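Given as structure tokens, the chain that follows is alone and in the form predicted on its own.
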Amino acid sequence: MYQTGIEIAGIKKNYKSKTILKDITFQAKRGSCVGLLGGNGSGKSTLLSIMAGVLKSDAGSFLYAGEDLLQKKVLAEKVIGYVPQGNPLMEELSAWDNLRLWYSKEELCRELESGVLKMLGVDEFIKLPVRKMSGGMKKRLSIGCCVANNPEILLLDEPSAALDVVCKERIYSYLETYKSKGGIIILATHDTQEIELCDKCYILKDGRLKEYQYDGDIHHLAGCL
């Protein structure tokens, strides 16, 4: 299945005497979105950080094309795009200058005119310093930076949290397009609209992952978290 998707197998993580992740295992096909649901502190961000190579796991693997991305750092950097909850941007720089850290000038102009950055609406605030941006602008710019190398896997930690409807729609539109081109999205979320983007969902609770079929009943979901 490695040519058609990814497999997370046996991921474990402890902090001192506390076990955060216990044998986390799941798969994702190309052109799909997997949702990670769970309460605050359930370990969703920890799992994404491990998959992104920011944190080291105590055990487990992240298999892609027959390779373990937790061990193959150079390959992981090529195929993974990661947007954390926090702001990874350089506050004193403009959107243009942040993007120039990832794109050549020619690529940047092309993407702003008719590519992913245009779709995300980044062209509308390209000269604005990050410190003056709204939360939605920062999030869209963060996504624009992380997809510069056309990653095959996107790891997103609550990408539309606390954003207005327009910003959410920009992000959702991009994610649908990304999926349609065969990309794989792993999405940690609390948002019901984001859950609807997912082809499969899992609840992370007490360190364990359990498949969950969301049927639109938010009260039932809340009771499971």
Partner chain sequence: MKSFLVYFTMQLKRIVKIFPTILCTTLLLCSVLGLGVAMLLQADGEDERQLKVSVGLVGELDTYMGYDINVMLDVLSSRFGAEFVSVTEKEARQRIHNGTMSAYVLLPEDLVENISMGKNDKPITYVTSDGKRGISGIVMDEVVTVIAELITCPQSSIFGMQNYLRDVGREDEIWQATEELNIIYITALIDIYKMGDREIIGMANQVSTAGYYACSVVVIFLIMSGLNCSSLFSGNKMGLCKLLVSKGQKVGNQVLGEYLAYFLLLLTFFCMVIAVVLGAASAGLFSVPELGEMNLGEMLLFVLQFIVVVGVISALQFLVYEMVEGVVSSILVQFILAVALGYIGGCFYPLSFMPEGLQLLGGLSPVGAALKYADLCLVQEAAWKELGLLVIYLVLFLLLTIWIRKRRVENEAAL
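Residue numbers count along the first chain shown, from 1. Small disclaimer: the values here were computed from a predicted structure and weren't measured.
There is another form of this protein, the form predicted together with its partner chain, and it is not shown here; the text below is about that form.
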Heavy atom within 4.5 Å of its partner chain in the predicted complex, from candidates Leu156, Ala52, Leu37, Ile184, belongs to Ala52
In the predicted complex, the residue from Arg100, Lys118, Lys132, Arg110 with a non-hydrogen atom within 4.5 Å of its partner chain is Arg100
Check whether Val122 has any heavy atom within 4.5 Å of a heavy atom of its partner chain in the predicted complex, and answer yes or no. no
Would you please decide whether Ile203 lies within 4.5 angstroms of its partner chain in the predicted complex, comparing each non-hydrogen atom pair? no
Does any heavy atom of Ile126 come within 4.5 Å of a heavy atom of its partner chain in the predicted complex? no
Does Thr46 reach its partner chain in the predicted complex, with heavy atoms at most 4.5 Å apart? yes
Going through 6 to 44, which residues have a heavy atom within 4.5 Å of its partner chain in the predicted complex? Please give them in sequence order. Tyr15, Ile20
